[in-house]
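The chain that follows stands alone, in the form predicted on its own, written as structure tokens.
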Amino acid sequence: MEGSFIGSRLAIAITASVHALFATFIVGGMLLGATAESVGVLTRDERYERLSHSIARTLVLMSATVAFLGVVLVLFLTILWPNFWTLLFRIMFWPLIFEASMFLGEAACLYPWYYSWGKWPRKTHLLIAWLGATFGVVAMVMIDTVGSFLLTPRPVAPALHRMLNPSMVQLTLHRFAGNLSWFGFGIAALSAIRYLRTKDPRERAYHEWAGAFAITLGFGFLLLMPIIGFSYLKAIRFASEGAFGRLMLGEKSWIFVLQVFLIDVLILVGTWYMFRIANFHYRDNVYFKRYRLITFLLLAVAAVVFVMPYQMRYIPFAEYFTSAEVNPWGKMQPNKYIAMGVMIGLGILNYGFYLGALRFKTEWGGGGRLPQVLLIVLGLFTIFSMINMGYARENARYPYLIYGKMTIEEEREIGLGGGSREGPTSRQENPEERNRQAPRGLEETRKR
């Protein structure tokens, strides 16, 4: 029985992670595709039109996979977690139905948008693109409503309370920025692969330009994510304190450390790429060369402070050098806040230098292999980051399926014929039970 239970969790984890990865890519793709086509129409630049067409083709190829994985996920939930899925579907009936309807609407716009390219009137074509993008965003909001309820639930009646739970807005904003950043880095990586595979100078010029354009989206929204992410953590802390403690100071705090490490890599490698592409504009500027060196030094120091664990047990080999249990440099206040501020501040400044240089870049295709390799690295680490963020959110509420309301053990007991129990929608939440999973260092979190 224990083996089948682990298999059930693994099946849901893998299916949900892959489904979410593709689904978020499509949401970001519809938005960027519609934007690129609109810019192409306004500027009459064929590169934007071609980029939009390539995005549409990519999304068409992925949409069937997303739909299939969504069906498999619901099937697994129905078979492997029947009581949880029945309860959740009853509580979140309308958001789930609305999300499915919006997904169908998105697909109904995606296919005509791609297959009618060059055949329909331009205004009609753009309307279909933006309508599909709107459907995708609304579907994302609906599924975020369900996901946020699982971690920070509120009374199910009235319906507005359970939908606008304490973390719903923050999760939606974080997912919106994350989707666009993930798609930007993903398209940049695909463009880099195509650049490396072709020998045609014109094709190389286009793919180098496409990668540079996609980075403006990926890196720009990446800079917003830590700010929104800390606001999201704050909402979880006040609404589901035990879940916050488990993620920040408990046995799963290494997930948060890993996420910070991935963000560090994305900012550092993204900055390296932007400096490489913008080098043509600043190569004769002595002051900018000095600034670039100082920037990397400051970013490296800030990245180390930002990723430092607060607990010594998560620092490799630390027990050989000290008997201390906590690392003062790993305190959130003020050290990590200062480090995050330095990284975001320098990121915004470097992003401005990059955009300023792109205005004067007219020759593409001769940037060499290194910038393209950096784009591929960014794409891979973005995939790891997206999966890790989902893993962190879902594991924060363990051992609950609905935090403070329904536990995994209750699902197993009912599945084994343990009899009926008082439903989570009717029983009163016990604050002591809810915070039972909080780690020993939660009081230190409050002080920090």
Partner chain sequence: MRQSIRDWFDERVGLDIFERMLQKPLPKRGAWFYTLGSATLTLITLQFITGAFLMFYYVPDGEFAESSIRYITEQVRYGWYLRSMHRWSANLLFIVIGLHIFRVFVSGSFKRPREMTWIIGAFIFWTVIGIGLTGGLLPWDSNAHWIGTVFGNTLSYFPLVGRFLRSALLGGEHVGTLTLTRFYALHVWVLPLVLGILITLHLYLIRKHGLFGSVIEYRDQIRALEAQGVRRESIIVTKMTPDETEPFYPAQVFRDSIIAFSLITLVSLFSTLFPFSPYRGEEPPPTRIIPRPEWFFWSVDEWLMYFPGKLIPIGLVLITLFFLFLPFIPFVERHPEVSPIRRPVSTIIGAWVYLFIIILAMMAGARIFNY
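The shown structure was predicted, so the numbers you read here are calculated from the model rather than taken from an experiment. Residue numbers count along the first chain shown, from 1.
There is also a form predicted in complex with the partner chain; it is not shown, and the following applies to it.
Contact with the partner chain in the model of the complex, defined as a heavy atom within 4.5 Å, holds for exactly one of Tyr287, Tyr115, Tyr337, Trp94, namely Tyr337. Ile227 is the sole member of Val74, Ile227, Leu127, Val137 with a non-hydrogen atom within 4.5 Å of the partner chain in the model of the complex. This chain is displayed without the partner chain, yet in the model of the complex the stretch 355-363 from 128-136, 355-363, 300-308, 276-284 comes within 4.5 Å of it by heavy atoms. The three marked residues, Arg154, Asn165 and Gly220, each reach the partner chain in the model of the complex, with a heavy atom inside 4.5 Å.
Using a 4.5 angstroms limit between non-hydrogen atoms, His161 touches the partner chain in the model of the complex. The shortest heavy atom separation between Leu268 and the partner chain in the model of the complex exceeds 4.5 Å. Among residues of the shown chain, Arg292 is not one whose heavy atoms approach the partner chain to within 4.5 Å in the model of the complex.
For the chain shown alone, Ser231 is a contact residue for the partner chain in the model of the complex, at least one non-hydrogen atom being within 4.5 angstroms.
Looking at 25-43, the residues that come within 4.5 Å of the partner chain in the model of the complex, counting any heavy atom, are Leu42, Thr43.
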